[in-house]
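A single chain, nothing else alongside it, follows as C-alpha cells in the form predicted alone.
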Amino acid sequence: MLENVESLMLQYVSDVDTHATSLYQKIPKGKRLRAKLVLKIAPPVAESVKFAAIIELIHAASLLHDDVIDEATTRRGIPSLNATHDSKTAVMLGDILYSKAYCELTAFSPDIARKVADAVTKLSAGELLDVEYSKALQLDEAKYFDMIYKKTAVLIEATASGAASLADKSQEAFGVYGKNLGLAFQIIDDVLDITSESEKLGKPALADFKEGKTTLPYIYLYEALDEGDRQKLMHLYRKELTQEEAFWIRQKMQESGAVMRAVTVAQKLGREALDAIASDKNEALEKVITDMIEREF
C-alpha cells in the first residue's frame, strides 16, 4: 500500500504543475513514518491511502522550509533542493505541497481536517521557536519539550489521531501514542547526532550544536559539568569543531551520563505510548516503538 501512497503523492503534485513535479521528484523520500502509521492504524482502503499521502506532502513541505531556515546543504545524504537550486525555489515548492495537501484535506471530516490544520500551525510555531532558541544556548528543559512537541510530535499526533478516526478507534489513545512517539523520535534523533558517525546520519555528526540547536543531551551535559567545563562548552557553541573538540564533547557526554539520561527519557515516553494502545494489540505499532528505543547508542 505504501507504493499507492507514493503514486498518489506524485499525482497530487502533477495536478499542479509539470515544473513542480520535476522538482518534487528530486526530493529524497525518507522512511515515510507517518504514512506507515496511517496504514498500520487504519484499514488499507482508498481513504487511508489518501490521508497518508496528504500527511506526507505536509511533512515534505515542512522539511523543504526547514532546510532553508537551517541553510542545510544536504537532506538524507543527498544535496538539498535549496542547495541544488535556491532557497526561493525550495520555499515555493514547499508552499505548493502545503497548499495542495490542504486542498485534498477538505474531503475529510471537519474534525480530522481541523486537527491536521492546527498541527501545521503549531509546527510552524515550533520552527519559529527553533530559530529563536538558536540565538543563544538554550538550557530550559520545559522550553525544549515545548519546541520539539510543536516542531516534530504534533504532526505525528494528528496523524495517529486522524487514522484512528478513520478506523473508528480511540482518537485520544492513538493521539497519545503519536505524541509520545514523536517526542521520543526527536530525542533519539538528537542523541544519534552525538553518538553516530556522519555516514550513518546522512549529515555531519555533531551538527546540532554547531547550528545552535541545544538538544536534551546538551541540557543534561551542562547540568552535570563543573563551572570550568561549562565555560568550555559555551565557547564551543555554534563553532566549527576540531576533531579534539568533538572528541571532548562526546567524552563528556559519556562520562556525565547525559546521553543515557536522554535515552531513558525517550524510553519512558515509548513505554507510555505502548500503554496507551495496549488494548488494540497492534504488534506493528509496538515494533515501531521498540525498534526505536531498544538499540545501542
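In this text, residue numbers run from 1 along the sequence as written. Quick caveat, the model's predicted, so the values are computed rather than measured.
Missing here is the form predicted together with farnesyl diphosphate; even so, the following discussion is about that form.
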query: Farnesyl diphosphate in the predicted bound form reached by all of 69, 152 and 186, non-hydrogen atom within 4.5 Å; finding: yes
query: Heavy atom of residue 75 within 4.5 Å of farnesyl diphosphate in the predicted bound form; finding: yes
query: Partner proximity in the predicted bound form: residue 65 to farnesyl diphosphate, non-hydrogen atom cutoff 4.5 Å; finding: yes
query: Heavy atom of residue 116 within 4.5 Å of farnesyl diphosphate in the predicted bound form; finding: no
query: Contact flag, residue 146 vs farnesyl diphosphate in the predicted bound form, heavy atom cut 4.5 Å; finding: no
query: Stretch in contact in the predicted bound form with farnesyl diphosphate, which is absent here, among 167-175, 120-128, 222-230, 80-88 (heavy atoms within 4.5 Å); finding: 120-128
query: Selected contact from 61, 269, 42, 263, since only one has a non-hydrogen atom within 4.5 angstroms of farnesyl diphosphate in the predicted bound form; finding: 61
query: Interface residues of 5-23 toward farnesyl diphosphate, as seen in the predicted bound form [heavy atoms, 4.5 Å]; finding: none
